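Encoded as structure tokens, the following chain is the form predicted alone, with no partner shown.
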């Protein structure tokens, strides 16, 4: 018989990572990784720091993450029973779901009319935010560490002095001439 996970922090972490991986999938961190399903190449929300962002008190969600995990695992148990999926008590119920069933359950929870929709959409938005903006990190630090979302979007490193400059115009042409009183740092005189 496979041992059951009893550590609440481990259950919370694995469950939230599996949810974030469902929103922005990535590759497994190791062959025995169960939270990250490995449904996409490269780093996804988990590698981008979704759990760190969710745990940041600025999100307004951090104090309720344990309850999110508990609710999600409860929904996963009901879903698994409905679909006659064999339980795997070695991991939390949501983590035990195959990826396609994780996505189906998240779709159910985020569908208009679901009584908890706002909670699950919030969790999904922050999972996505970790990937596409690294909101919990300084951009230069995130890029230097190889943040998968910022790199995937083609965000380039700043100049050696830490500032971003764009010598090629994004519209392919200069939109306005530089004011003659602009200082070398780019500030108005």
Partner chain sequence: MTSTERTDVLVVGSGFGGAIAAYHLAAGGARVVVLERGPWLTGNDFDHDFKLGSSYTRAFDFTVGDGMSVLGGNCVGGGSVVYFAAMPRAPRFVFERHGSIGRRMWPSAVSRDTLEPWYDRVEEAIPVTKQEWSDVSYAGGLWAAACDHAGRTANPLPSAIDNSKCANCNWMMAGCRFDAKRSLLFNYLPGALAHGAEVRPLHEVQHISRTDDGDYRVHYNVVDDEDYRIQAGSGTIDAKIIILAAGAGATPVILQRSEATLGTMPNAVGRYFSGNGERLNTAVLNEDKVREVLGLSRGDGLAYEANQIGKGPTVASWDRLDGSLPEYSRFSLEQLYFPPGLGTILAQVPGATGPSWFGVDKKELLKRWRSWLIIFQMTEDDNEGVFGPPPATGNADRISQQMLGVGRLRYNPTANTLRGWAEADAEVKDILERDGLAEVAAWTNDVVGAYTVHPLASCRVGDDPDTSALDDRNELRGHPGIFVTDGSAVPGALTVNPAMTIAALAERAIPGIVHAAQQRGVNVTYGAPSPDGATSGRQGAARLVPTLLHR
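Positions refer to the first chain, counted from 1. Since this is a predicted model, take the numbers as computed values, not measurements.
Beyond the structure shown, there is the form predicted in complex with the partner chain, which is absent from this document and is the topic of what follows.
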### Task
Classify residue 57 as contacting or not contacting the partner chain in the predicted bound form by the rule of any non-hydrogen atom within 4.5 angstroms, answering yes or no.
yes
### Message
My question is simply whether residue 29 lines the interface with the partner chain in the predicted bound form - judged by any non-hydrogen atom within 4.5 Å.
### Response
no
### Task
Evaluate residue 145 for contact with the partner chain in the predicted bound form, applying a 4.5 angstroms cut-off between non-hydrogen atoms, and reply yes or no.
no
### Task
With heavy atoms only and a cut-off of 4.5 Å, decide whether residue 110 touches the partner chain in the predicted bound form.
yes
### Task
Could you run down 170-189 and flag each residue that has a heavy atom within 4.5 Å of the partner chain in the predicted bound form?
170, 171, 172, 173, 174, 175, 176, 177, 178, 179, 180, 182, 183, 184, 185, 186, 187, 188, 189
